[in-house]
Every structure is written in C-alpha cells, then in structure tokens.
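Take a look at this single chain in structure tokens; it is the form predicted on its own.
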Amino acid sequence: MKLLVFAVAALASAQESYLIRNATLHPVTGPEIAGGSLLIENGKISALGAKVQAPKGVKVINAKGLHAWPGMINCATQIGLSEVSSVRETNDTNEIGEFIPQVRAIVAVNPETEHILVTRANGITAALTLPAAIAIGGAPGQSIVRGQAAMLRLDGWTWEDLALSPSAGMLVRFPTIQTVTFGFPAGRTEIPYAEAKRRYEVEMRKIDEFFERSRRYQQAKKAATESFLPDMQFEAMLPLLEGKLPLLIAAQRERGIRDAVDFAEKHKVKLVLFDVRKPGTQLARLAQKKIPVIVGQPTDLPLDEDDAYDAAYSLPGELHKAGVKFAFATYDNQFARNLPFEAGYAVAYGLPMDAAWRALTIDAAEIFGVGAITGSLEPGKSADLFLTDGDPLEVRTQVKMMFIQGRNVSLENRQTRLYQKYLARP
C-alpha cells in the first residue's frame, strides 16, 4: 500500500504545472521577452509570451526581477562514468579491445553521481557523457573505435530516465603522427619521425579495414536470408554508416582536421570534431562542409610557444565569423559546472553574446540530434530551463530555480551542504 501511495505521489509530482510570471524570457531562437510568462504543462513548455493565462490548478511563480533561460548543454564529459579520476574503482571508462563500437556509455551511467548535482546547480540541464576520454593520437594497442556516447538529462532515478539520447555519437581515437608524447610516470617521450609515421600508417590501415568490413556487413545484411547470423560489433556500426549517428573525433591541428574530414568523406559518415585548437586553412572547409566543432577549453595554454596568448579565447569568435556551427564543453567532470564561464571568456574576446547562447543551448542540441526536444524556450519542447538573478555567463550570478522535463529540481549539492554545515559551525 505504501509503495502504491509513493508511486501515485511521484506521478502527480511529475505532472505538476507551473506558470512563471514577470520574468525576462530568453528563448535563444527568438527575441527577448521582458516581463513575460511561461507555462509548463505535462513536462513541456505549452506557451510563452507577454500575456499567458494561468489554467486552473497551475502553480504560479512570481519571477519578477529574474531571467529565464533554456538549460545549457555540456558537450564533453564523463558524468556518471567517472567519480574520482585517480581512484580506479570509481571509473568505468577503460574497456578492452581495439574496436568496441557495441560499448554503450548510457548503460554504465550512475544516476547517483555527485557530479550531476554540482553541474546542474549552475544552469546545465544536459551533458554528453563519453565512453572513454577524448584522445589525440594515442599509443598503439589502445581502443580505436571506443563506443557510443550518450546525451544525458541531469535528473532521473535510473539511466533510462537520464537518457535524452542513449546513442548520440560514435567515439573514435583517430590516428595522428606524434613524435612527442606525455604521460605519467614516463613524462616526455620522443620517437623518430619515421617510427611515428609508421605507427600512424599501421593504425590508419586498421581503421580503414574495420570500416570497410562494417560496410560489407551492412551490404550482406541487406541481402541476407534467414540463416544470416548477426554480429554485435558490426550491428553497432550500422547507425553510423546509415547517417543516424555522427563520428566523434578529436583533432586539434590543421593536419589532423584535414585527415579526419577526408576520412569521413571517404566512408560517407557524419562528423563532429572535438578539441579543435588550430584549424588554419581548414576553417573554410569546415564551414563549407557544415562540420560542427566542439571547442577546447579556453583556459588551456596555447599549443605552441609562438602562438598568440589569446588563441583559445578568440577561437569561438573566429568559428562564428567563418560560419562554423560550434558548442562548448569542459572535457571533465570536476569543473563541468564552469561551462557558462567558458562562453563568457569567448564573449570577452569577440564572440557575440547571442552566438554564445546559441552555442550553449540550441546549437549544442542540434549537433547531437536533440534540437527538436530541447535547447530553447519554445512551445512543445521539453521544459528544461532555469531562473537567475542576472547573466549566467557572469560568475556572481545566482541560479534560483531549475526545471528539467517540467520538474522543479533541487539545486542542493555537496558543496551547498558543506557550506551550510560550516556556516553553522559553533
């Protein structure tokens, strides 16, 4: 009986309706609405504008002096898969095998991770979680096709609840010519160029052959009889080959970007580039081919000693000017909450404010195929939004309320609990 009462109460809570009044609405895809109202019903935005009537039974929230924004999306984390990076037992990101496209990050996500609470407290309602770390090049023997990334809602009881898009892209460690590597405890390691090139060519042959085998499997399945035996490894590649999933590749420099684009064109797959730092002459090609980019962290040091000190800060502005769709990411868990501040740095170095907000929200959603569900304040979309007392790109701004799928979620987290605990210390 108690379980039945709890289930009914949970269902009622999930279906609560709200009318947010007197807020400054920032739809992102449309003009700002001062003193506007936004109606949330059945987990979705049902109406917004200067005058919206409150249906009977709706909870009214007076948001005078506050701003309503669509929830932000962090496009590269390992939230739910890695708790403490230095403690092996809390990490689920090192699968065995060179080609493991069947590995799905979503099924290993821990909904109870503290990172979810801390991250969403700063206005982030969704995050891409990766089955392995983003890697440039890498050592021979490491996984090459590393598995499927997932787009998570940052609220839910189970991984099924969290799954905004259970398969949002196929992560690949793309080969590159590396003569200098850094690692712990070995430190800096140098190898001759001829050996680095040989390793690169070996790995490129491997990945080319695997994609060719996957394509042959696709063709064989189309012409198959009842005796056809499915293969999990190649089955996982089919959505990628059919254009339903993008290929996720990290490429920082001009040569790596060129090779990745050439590879995607050769195998006729969609491409999303991560951690782009120095696109050079490939910038125009990215715009022409409509290849989206997830920029690297602006606070990283320049790649080369003669690079401009503000190279990382100004890159988003350059991408916007060139017409390249892009989004932001923190590439970690512990600082995933700092996502809006990355956009703030980019605005300070030339990126228009409206472009920064699109990159944090609707552009990020569209890059990973969930733009029809979330990413902006529009009728019919999931009610993923938050209220602030100012500009979220400013450090001093406070997040006052948050809604995910229309649920008023708690902003409490480990940091706020510790703050209250020591504030009350005798």
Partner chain sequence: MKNLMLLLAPALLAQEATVIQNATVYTATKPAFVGSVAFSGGKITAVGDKLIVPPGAKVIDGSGLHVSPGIIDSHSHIAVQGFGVNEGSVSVSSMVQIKDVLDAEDVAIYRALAGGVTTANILHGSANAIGGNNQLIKMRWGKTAGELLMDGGTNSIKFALGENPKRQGNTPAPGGVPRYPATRMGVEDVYRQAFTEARVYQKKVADFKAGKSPLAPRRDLKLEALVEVLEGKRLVHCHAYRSDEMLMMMRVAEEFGFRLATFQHVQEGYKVAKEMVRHGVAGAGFSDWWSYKMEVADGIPYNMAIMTKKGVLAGVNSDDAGLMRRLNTEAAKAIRYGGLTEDQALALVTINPAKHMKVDHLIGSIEPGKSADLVIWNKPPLSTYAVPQKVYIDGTLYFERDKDLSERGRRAAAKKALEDQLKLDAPGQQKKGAPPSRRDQSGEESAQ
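Remember, predicted model here, so these are calculated numbers, not experimental data. Numbering follows the first chain given and starts at 1.
Another form, the form predicted in complex with its partner chain, is not on view; read the next lines as being about it.
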Taking heavy atoms and a 4.5 Å cut-off, does Asp310 contact its partner chain in the model of the complex?
yes
Would Arg337 count as a contact of its partner chain in the model of the complex, using a 4.5 angstroms cut-off between non-hydrogen atoms?
yes
Contact between Phe210 and its partner chain in the model of the complex at 4.5 Å, heavy atoms?
no
So, in the model of the complex, is Gln398 in contact with its partner chain at a 4.5 angstroms heavy atom limit?
yes
In the model of the complex, which of 96-104, 78-86, 201-209, 214-222 comes within 4.5 Å of its partner chain (heavy atoms)?
78-86
Using a 4.5 Å cut on heavy atoms, which of Val347, Val261, Ala135, Val269 is close to its partner chain in the model of the complex?
Val347
With the partner left out here, which residues of 116-132 have a non-hydrogen atom within 4.5 Å of its partner chain in the model of the complex?
Val118, Asn122
